[in-house]
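Below you will find one chain, with nothing else, as structure tokens; this is the form predicted alone, and questions on how it binds or moves follow later.
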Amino acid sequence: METIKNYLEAMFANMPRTADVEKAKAELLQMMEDKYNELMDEGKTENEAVGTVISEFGNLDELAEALGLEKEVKQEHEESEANPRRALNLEEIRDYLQYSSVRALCIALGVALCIISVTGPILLSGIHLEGVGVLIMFLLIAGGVLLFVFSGITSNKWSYITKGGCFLDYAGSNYTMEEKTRFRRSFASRLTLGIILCAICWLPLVLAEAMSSLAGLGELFMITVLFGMVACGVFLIIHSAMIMGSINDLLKINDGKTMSSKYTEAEVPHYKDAKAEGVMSIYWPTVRSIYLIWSFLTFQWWKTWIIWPIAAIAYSIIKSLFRSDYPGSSANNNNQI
């Protein structure tokens, strides 16, 4: 019976998301279940029953009139001809998420290298090797730039996923949401640790000032530790955020106006227009940037953390204003197959 349900989901995936389509889909499911149970009672094997049900009820064009969906089926065909879309298979999804993890590592490591690059001149100036320190700085920056370039070049292979030519079917959506659930705890812990490292990075300086024995070279070392803590914190923040962002990008490729969008709407909201989508996509990166800039300019890390609870409250308000709800969206989550 699960095969029949999955087949039904595939049939209706690109249909317009309306109350009439929802009702017709529920009716068709009931018809398929009744036929399946009837065949099983007659002694048919499961494979025979499934094959018969699909052969009798598996063509939406033939069932359109009986279900009252002539207009919707015609609309779906016109939309498919104008903007052909296909379901991503599980292998593509796995490969994309694996690539996204590598890309996140490259970007996060590149940023971390750029941050710690300044520690070369700072630390080696204490032993009069400024030239060597500058050389190390440029080598680290060059390494970071190479990582950025590499991640940019390899991203071209996957650009088709977010350009509107694909969608997630029932199986693909379930797999992606399982991956998100699996990563969510790791994401929270990495993000928290990254923020804590950035928030307490001033402690080495306090320690250096409190201990007169750390004057001179010891103080320079503590400054190096400070930048090292910031680099580690930013690495954790960027790495975890980019992986979660890639998972959400997959979940967002389903058009909110089609039936396939209900598979993922509980995980990723759809917004009223492209402008609202753009604002929400840069919200948290902007908050992180403001937090780090404010913190580095003032070095008042014990105060700047307040930006996070304020940003969270503002995010909830803005999301509720920008979010778009489609017909039957509240009911769909409860009646999902």
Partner chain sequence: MAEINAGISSDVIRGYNDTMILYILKQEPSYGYEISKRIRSISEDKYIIKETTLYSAFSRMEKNGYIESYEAAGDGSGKKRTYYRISEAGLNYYREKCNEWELTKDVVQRFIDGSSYLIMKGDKNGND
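Residue numbers count along the first chain shown, from 1. The structure presented is a predicted model; accordingly, all values stated were derived computationally and were not measured.
Just so it is clear, the following notes concern the form predicted in complex with its partner chain, a form of the same protein that is not shown.
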So which of L63, V50, A276, A311 gets a non-hydrogen atom within 4.5 Å of its partner chain in the predicted bound form? L63
Pick from T298, S289, S281, N59: which has a non-hydrogen atom within 4.5 Å of its partner chain in the predicted bound form? N59
Close approach of T45 to its partner chain in the predicted bound form, 4.5 Å, heavy atom: no
So in the predicted bound form, does E27 come within 4.5 Å of its partner chain, heavy atom to heavy atom? yes
Taking heavy atoms and a 4.5 Å cut-off, does K319 contact its partner chain in the predicted bound form? no
E70, heavy atom within 4.5 angstroms of its partner chain in the predicted bound form: no
For its partner chain, considered in the predicted bound form: do all three of E2, K5 and R17 come within 4.5 Å of it, counting heavy atoms only? no
